[in-house]
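The chain below stands alone and is given as structure tokens, in the form predicted on its own.
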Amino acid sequence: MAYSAPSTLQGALSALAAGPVAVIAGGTDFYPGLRDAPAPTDLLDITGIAELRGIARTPTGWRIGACTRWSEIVRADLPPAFDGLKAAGREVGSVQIQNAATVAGNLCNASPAADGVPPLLTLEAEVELASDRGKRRLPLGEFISGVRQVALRPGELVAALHLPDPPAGARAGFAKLGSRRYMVISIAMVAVLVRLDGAGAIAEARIAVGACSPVARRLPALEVMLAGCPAARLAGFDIAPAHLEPLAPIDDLRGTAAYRLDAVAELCRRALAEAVGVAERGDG
């Protein structure tokens, strides 16, 4: 087994093209997955590549480098529309894990319960993919195609996430249910992004649910139904089964499918109340 740690993106792409190699960023999923076995292939460590790190403002939004740690996102000075993403970042394992785990690793792992995916869906993130052939972008919803399945072509790696400017005045919330408070795989999670109009009603809503289908899903019917709803009535908003149709929860040791659907409805109300509550206080 060989280990390489290039300092440039081009160096990493050249090594990837010569493959096969396993790409390592934080390694918080890769190394525990080995258990006591040796690595099955050569390792390509991309954590030392400056081009893949950091959060930067762009003319049209924000760029988050693939190797940006979750703790960096939690500490970053970002608009209130990113509060749901920050809240999700605080749920990625322990603080020690957040100091090592990367944004791209959370996506490439493609777990149905990946904490970062629902808020990134509400922020309409695009994934920048790089290879020796050039770069391309995919919407996040197209990049993650199934359980442990992503749309990486041979020789490609994730270089960055691109997030367009959120709607003016948008606020966000995130709610997660697990069997305990910290360091737990989700039973269900919900991320929301909302914008209120001048009368205090919802002008726009984006809602995404994780851990209740093979990949995290937006809830377009619920988003449409929320339009015009006064913020003061969100706590008792009736969420019907039709609003949750994109979901396909399973029965497992953490909960039944029926329990997950009930939990999602409540988590939606909590995340919405959190987002609207921040907006009503005028914080940030």
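Just so it is clear, the model here is predicted, and its values are computed rather than measured. Sequential numbering from 1, following the sequence displayed.
This protein has a second form, the form predicted together with a small molecule, left out of what is shown; the following refers to that one.
**Q** Taking the small molecule as it sits in the predicted bound form, is residue 249 in contact with it (heavy atom to heavy atom, 4.5 Å or less)?
**A** Residue 249: no, not in contact with the small molecule in the predicted bound form.
**Q** May I ask you to check whether residue 24 falls inside a 4.5 Å heavy atom distance of the small molecule in the predicted bound form?
**A** Within the cut-off, so yes.
**Q** Does any heavy atom of residue 169 come within 4.5 Å of a heavy atom of the small molecule in the predicted bound form?
**A** The answer is no: residue 169 has no heavy atom within 4.5 Å of the small molecule.
**Q** Considering only heavy atoms, tell me if residue 30 and the small molecule come within 4.5 Å of each other in the predicted bound form.
**A** Yes, residue 30 sits close enough to the small molecule in the predicted bound form that at least one of its heavy atoms falls within 4.5 Å.
**Q** Is the small molecule in the predicted bound form close enough to 123, 177 and 190 that every residue in that trio has a heavy atom within 4.5 angstroms of it?
**A** Judged in the predicted bound form, none of 123, 177 and 190 sits within 4.5 Å of the small molecule.
**Q** Which of these stretches, 133-141, 86-94, 73-81, 204-212, has heavy atoms within 4.5 Å of the small molecule in the predicted bound form?
**A** That would be 86-94.
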